[in-house]
Each structure stands twice: as C-alpha cells, then as structure tokens.
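This document starts with two versions of one protein chain, written out as structure tokens and named structure 1 and structure 2.
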Structure 1
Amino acid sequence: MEDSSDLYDEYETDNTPPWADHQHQCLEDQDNVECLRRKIKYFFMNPCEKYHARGRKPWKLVLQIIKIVLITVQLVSFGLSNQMVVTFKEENLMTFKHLFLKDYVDGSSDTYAVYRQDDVYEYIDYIIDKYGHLHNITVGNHEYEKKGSIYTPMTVCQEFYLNGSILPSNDTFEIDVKVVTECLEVSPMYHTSLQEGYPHFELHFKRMLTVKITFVLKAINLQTVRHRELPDCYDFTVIITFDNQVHSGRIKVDLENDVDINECRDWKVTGASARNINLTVLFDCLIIVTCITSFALCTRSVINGIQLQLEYTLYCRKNIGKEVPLSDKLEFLNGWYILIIVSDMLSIIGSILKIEIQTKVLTSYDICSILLGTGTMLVWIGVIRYMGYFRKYNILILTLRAAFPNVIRFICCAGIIYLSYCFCGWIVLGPYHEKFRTLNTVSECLFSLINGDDMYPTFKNMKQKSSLVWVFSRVYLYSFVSLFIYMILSLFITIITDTYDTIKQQQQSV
C-alpha cells in the first residue's frame, strides 16, 4: 500500500493549497472526476503527508503510540505479578513431591515408578503417615481443609475391572470390562498403616487400573506482602496416582496439584500498606477505553476505504466501462488497520478477563495471557508500519512482504515432502526411538534437525535390534538432512535474494 503512493507523487508539490479549499465543495462540485481523484490521493497518503497537505494532526498516530506504551506496561505488570503466583505454585508442587513420595529425588519424575507388590503398600502407607503428621513436618504454612470444625479426610480410591481371572500360563483369560471404584476415607489424625487399619482394603493387582489418593491442603502466599500486594489464599488439591493401566508390571506414580486461588476471608496487615487493587483495575479500564477509541477510528478508516472503493468502482464502470480488478480493489483495504483492529479486540477482551481474574471471579489465566500476549505482539508488529515511511527501511519490509507468497508457496511443496517423511519415520522408527514415538514428536524432531539440532544423539539412540531398521534409519536421516538443509534451505535464500533484486530494480526505475 505504501508503494502505491508513488503513483501520486507528481501532484504533490504544486496542488496542496487549492486542494484544501475545494475539499468541502467536492460533492456538489461539477468536476466529480477531479474530486474523486483528490479523495483517492488523500486516502493513500501517510500521516506525515496528510499533515502537510491539509494540516490534519496525526491523532491516530499519537493514539497508537500511547496505546503501545499502556499495553506494554500492563503486560509487564501482569507478567511480574503472575511470576510470584507461578513460583509459589511450583515450589509447592516440589514440596509435595518431596514430602509425600518415598525416596523421591529431584529430576526423577519421569522414572518414578513401583515394581513390587510390597512397595505399593509401603508407598501408600508413607503418604498416609506423612499426611497425618504434616503439621510437625512441613516448613511451610500448609494446613488441612476444614468443613465446619471437621478436617476433610484424604480419600484412597482403587479402580479395577469388576471381575476377571487372568491366567497367562494357560493362555486364557476371562474379564468383565466394567470398571468399579472402591474408596477409603482416611482422616488426617489417622496414624496406623493401611493393612492394619483397613484390613478389608486389598489391592487386586491383576485387575487394578489405578489407585488415586486425593487430599486438600490450604496455604497462604505470604511473599506478595513484600511486593505490596495482598496475600491470597490457596487451595491445593493434591492427587497422587498409581497408574497400572498397562498391566506391564510397572506402576507409574505421579503427583499432581490442582490449585484454586481465593481471596482470604479475613485479613489484617500491619507495618506496610498493600497496594490498592482498584488502581490496577482503573488502569485496565483506561486501556480498554484507549483500545475502543483506536478500534473505532480504524474501523471508520476501513469503512471509508470500502466506500471510496465502491465509488471508484462505480465511476470506472460508468465512465470507463471497465471492471476494476480484484487486486486494485484490495488496495483500498489497508492491512495495517485490520491488524490494529484485531489487536484492539484481543486487548479489550484480554483486559476484561484480567479484571475478572484480579477480582477473583475467574481463574482462566491461560486464555487471558494468550489474548493479552497476542494483542501486544500485534501492536508491536504494527510499529513496523511507521518504519516503512522511511525509504531505506521500506525496501526491507517490501522484500519480506513480496517474498511472502513465494515462501508460502514453497513451504507448501516442502511441507508435503516433510509430511511424507514424518509418516514414514513414525511408522518405521517409532518402536525404536523415543523421538519418533508420536506423529507430533516426529514432526518436532525433524523440524529441529533442519534447524541445527543435535543429530548425533538421534543417530546414536536408535536401538539396534534389527539391522534392517538400522540401515533404514541411516538412509532416512542422511537423506532427510541432506535434502532439507542443502537443497530446501538454499532455495529459501535464493527466493529472498531474487525478490530483493526485483524490488530494488523497481525502486531504481521509478
């Protein structure tokens, strides 16, 4: 769109004064053609030129700059306050793993599993024991949940197939696929082991699917008080799962941690004043207002563009008798405005969600952060538009934009070869290499290989049971890497170089 302004350059120096006067009479004027021409020319000017032409102050530009500042401040403050929440959640998860999982060592989550019947009972007893003595053990401020004056108990649930006799030595089995759940409730003050205290509770290893132990702990995130924010109350629902669904003799043990954040019911902070939450909300509202204004202005510009295009189409059809081609029509639709409109919408919804989160109505951090993040990203990318007003920057932006369709086109072709490699690698190498286990990881692995990931471990970890597969894996990897790095990446460079040359010649010939 910027480059089209070149077409109107010759009018610019002399016409400016008469233009400004004629502007309002345009519609009732006889000379409609000249009027339309001027309107179109004005439409394609950049803020600077508009200011010179009609003295119109670039309000929209100023608004965008303010918006960028505000949105970035909002994002950073949201991120920083989020960080404390994340730290608290994560350190609590680590604490729970260390407190409740027997022999847990940092970093062993992936291989933490039980293989013996006795161990399963022992691990469960360990959890019950530690839960019972939690008060005297933990160095944090964890406490049991209370319903009225009674502590809510921990539940130990076993899921198993209703019925079944599995006899591998005879190659026979009989099974009722219906899954039953059997639960125990263990109060926090309970101190004996499972087999002593609940002699009727037995684990049916051959039919068992999972054992789930669930309990709720409460805590207060005190650290925020030092950053002048009010501490929140946290409910941690800890779920420890013994997973035996594969029935392979390996029971994977996993501890998960569902967090619920609430405002504390009753609190008193002395010695320092916590920052008022209303200020943050007010700031968010300011952003919403700014975004709505920007949204309205840009929508108006887009609508103006469409109207002008219709006018122009009508004129062409009537006077010249020619249909305006689609590409010319699209020229009237400024892509940057659409970018801003989208980013405004994202920011508005994101800010509303943020207010809800901060007043503890909602807890959908993820959606909010995606909206705010994407919004901010688009706003920043919008800055490039203003850089394009300088000629030397322009050539780079133009090259990228002009090369884009070719690159996309090429990615389609390369993508098909890529996909075929993915399928083939998944089906053949899947059983022999961790990275080829699912279609998704195959794609990630191959994509990473193209972009310089360590290849040697991929080569090396290929389990070498079948020499046929081994040869295949070598051919597969060597050919893939050679094809993509030597041919396809090189072609990308060629496409970009070619586009750059074209654009440069165009600019020089003008």
Structure 2
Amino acid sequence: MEDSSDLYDEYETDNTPPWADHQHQCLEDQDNVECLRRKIKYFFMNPCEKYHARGRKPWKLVLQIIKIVLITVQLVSFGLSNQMVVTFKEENLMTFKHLFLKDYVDGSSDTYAVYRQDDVYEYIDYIIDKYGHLHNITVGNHEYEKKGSIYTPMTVCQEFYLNGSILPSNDTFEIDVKVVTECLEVSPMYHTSLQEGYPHFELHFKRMLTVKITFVLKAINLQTVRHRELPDCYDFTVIITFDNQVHSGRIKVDLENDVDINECRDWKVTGASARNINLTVLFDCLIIVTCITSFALCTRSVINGIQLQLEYTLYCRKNIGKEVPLSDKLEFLNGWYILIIVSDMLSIIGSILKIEIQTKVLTSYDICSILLGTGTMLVWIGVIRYMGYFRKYNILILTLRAAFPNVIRFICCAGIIYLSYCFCGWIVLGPYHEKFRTLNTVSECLFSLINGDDMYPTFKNMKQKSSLVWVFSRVYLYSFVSLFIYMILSLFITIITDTYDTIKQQQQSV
C-alpha cells in the first residue's frame, strides 16, 4: 500500500498522464501538415484568388502593367531615334557610291565590274579625282579627316602574289603564293592621275588579287536637332575594293562603309533647350526604378518558392519516406517569374545605355537596340501568364506547355533530314543555281519552300547545262517539297492539334 501510495503521490505531483506527450506531438504534426498544405495552396493561387483569400493586393500584377506601358513608350521613342541613325548611314553609303564609282546606277552592285586594264586605271583615277574635288561636288556636309593640322591621306593598296609565271597557252604556270601588299598615299585636294603622279605604281594584273582604296570622311547628322536631340558626329571609313581573286577577266568593284559614331566635341544649338533631353533621361530613370522594383518582387517570389519546395521535400523525406520527383520540384519554380527577371535585367542595362547615348557618352546603338528589344519582347510574352487566369485563354498556354517536349523531339528528327537536304543541295546544285551557292542560302531557300514561298522561281532558275544535274534537281526539289509539306509539316500540326484536343477534353470534364 505504501508503494502504491507513493506512486499515486508522484502522479499527482506530475499532473501529466503518460499518453499526453504523444497526443500533443500528434496535434503538432497535424498543425504542421495543415500549415504546409495551406502554404502550398496559397503559393499556387493567382493574384485574384490571393486577394479573395487574404485581401492581398496584386502589386506585382499592377506593376507589370505599368512597366509594359513605360517600356513600350521607351522602345518607340528609341526606335524613332535609331531610325534616323540607320537612314543617315544608308543614305551616306548610297551617296558615296554615286560620288566615287564611275557610271554607277542604283541597284547595279551585283553587276558593277570592269573587264579591261585601261578601265581599271580609269576607274581608280576617277576615284582619286572625285576625292580631291569633294568640297566642290558633294551636297552634304562631308569633310576630310584631320589629325592635328594634317589631313589624313587616301591609301591605294595592291595585293598580289610575290612571283609568278602564268602561260595558259602552254598550260603551264609557276606561282609563289606569298602575298605582297604595295601601297601609296594620296593627299586630299591633290589632283593627279595614278599613272602620271605615281609612275612607279604598276598594277600586276596576272598576279593581282585585290586593289583596295581606303579613305575617311567625316559628317554630322543634323536631322536629330529637329527632334530635340543632340547631333552625332560620324566617321565614315570608305573602302572601295577591286576584286580579282578569281582571275576570270572580270574584276568586281564594291564599296563598303564602316561607320563610327562619336560625340561632337564643340557644339552649340540655338533656339532649342535641353529640357526635352532632361525629361527623356528622367523617364529612363523612372523605368530603371520600376524594373528594379519588379526584379526585387519577382526574385523574392522565386526565393519563397524554392524555400517552400525545400520544406515540402523535407516533409516527404521524413514523414512519408519518399523523394519528391524532379518534375514536382520544378512546379515550385515559376518560369514566368524567371522570364520577368531576365526581361528586367535587360531593360535596366538597355536603359542605362540609352541614357548614355542620350547624353552622348556612348554611341552603341546596336547593343542598346538588342537589349531594349529583347527586354520588351519578354515583357509582352510575360503578359500571357495573366491571360492564363481566364479559362478560355489558358488553353493556349497549357497546349504549348504540354506539346513542347514532343515538339522538340520532332524538330530534332526533322532537323536531321533538313540538314541532309541542305548539304546535298549545296554540293550538287550549287554550281548551277545561285540559291544553292552557300549553305546559308541553301537553308534560306529550303525554309522558304517549306512555307510555300518562291517555289516557281526556284524550279525555273535551274540552269540546264547538265541534263543529269537538271533531272536530279527535279527529283531533289519534288521529294523535298512532298516530304516536308505533305508529311513532316502535317505531322507537326497533328502533334499540336492532338495536344489541344486532349487539354480541351480535360477542361470540359472538370
């Protein structure tokens, strides 16, 4: 009795039954499971559902709508400014062709060539003469490049084989393939002909590879003043090439134009204020702040998703004893947020470059265009995420998502067949058809055929110099068109259609 009394007293003093700890632990586990379930359910809600559940305002959605408007306005503004730059470059290139290429006609770049030795000397003399009389003939604001007080001269360089004895009449030749470059300099406003002013400079036509005439002209793009933008100063490196590498008796003449855009050093604009430029810079700064805010919010959401995925994985490993599949883990990583983060980064860097271009610190129009254009494209693609909240629009997103793996596998198989046709067409039809001269043009031609473009000219322009190759070309083209349009393209459409029907039936059964 005494022992039982002691046990009773001990139980009274502890005041906790032996099964109470186990029951309390179960209640805690149930609360944790329910809490985790609620977290996961809330994480996968859309902004409207989150607002109805907890009254949380969809700040990211509102911010994305504002950002789309701001970035689109910025892109249009920069596009109009960039268009003036492109127009100025293209028109200057056309101007130089008319100024320095004798008897040049618009659209004659592919056929502009010389065939006689006297013509080569005459065309070079023509370039030197027009270069020397530039101030008297140009209607633009072109000037010679000046380094200090000395004008930069024009260079005429001839590339030719070191030694060679070529006798086609005897079917013999001896050639040293080492290439030698011989140059001379012609000062601006120095009016003379090549043979008179430089009698020692002789063109070795049988060994000649190229003759390159290079000079630099400067100009200022004044049309930007009308749009309240500071003008840019341009350096045009003009390169005129007489190409004789084929040695076919036809020397092709081509004019290229390398452009460098620089900040004008001393400038003064009367009748216009810098207010618009400052407003544009402030607008770009507003876009940078908006993108940084969007970047921070989306990054926080991605981090929360990763933390929730780790918590869910740990729960499954400890309580269920199973590993979560990779596909389920990826569900917590929202691809739309990744897309928005990338677009924000591109837009921020592009806006910084645009500010520097606007203030004439930098002149990298191409890099800025790529960044802003890609960023805007991704922002607009991100709108599809919010369209997916509506059931009728969500079917497109679900179809693309479900069909994507099958489409990739199908493209890999079809790409192998496509490449085989590219290589075959290049090596067989290249000598007889201009659309098959290079692998790039072959790929472009075949891709056009798949889309039904330019079919008849492709068949018609095949030269019938070889009957065997002509017959092969017919078999090649007919088989390619039949295989890709009637079979491969139809199968591709079938994959998308079947996926669409499956998704549609699943939505109707819900």
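Here, rigid core means the biggest group of C-alpha atoms that superpose within 1.5 Å across both forms. All values derive from a computational prediction rather than experimental measurement. Here, a residue number simply tells you its place in the sequence of structure 1, counted from 1.
Peer 1: With both forms of the chain shown on their own, indicate which is the form predicted alone.
Peer 2: Of the two, structure 2 is the form predicted alone.
Peer 1: Would residue 353 count as moving between structure 1 and structure 2, using a Cα shift of 2 angstroms or more after superposing the core as the test?
Peer 2: Yes, shifts by 2 Å or more.
Peer 1: Indicate whether residue 434 shows a C-alpha shift of 2 Å or more between structure 1 and structure 2, with the rigid core used for the fit.
Peer 2: No, its C-alpha moves less than 2 Å.
Peer 1: Does superposing the core leave residue 118 with a CA shift of 2 Å or more between structure 1 and structure 2?
Peer 2: The answer is no; the displacement is under 2 Å.
Peer 1: For residue 283, what C-alpha shift in Å is seen between structure 1 and structure 2 once the core is overlaid?
Peer 2: Residue 283 C-alpha displacement between structure 1 and structure 2, core-aligned: 2.3 Å.
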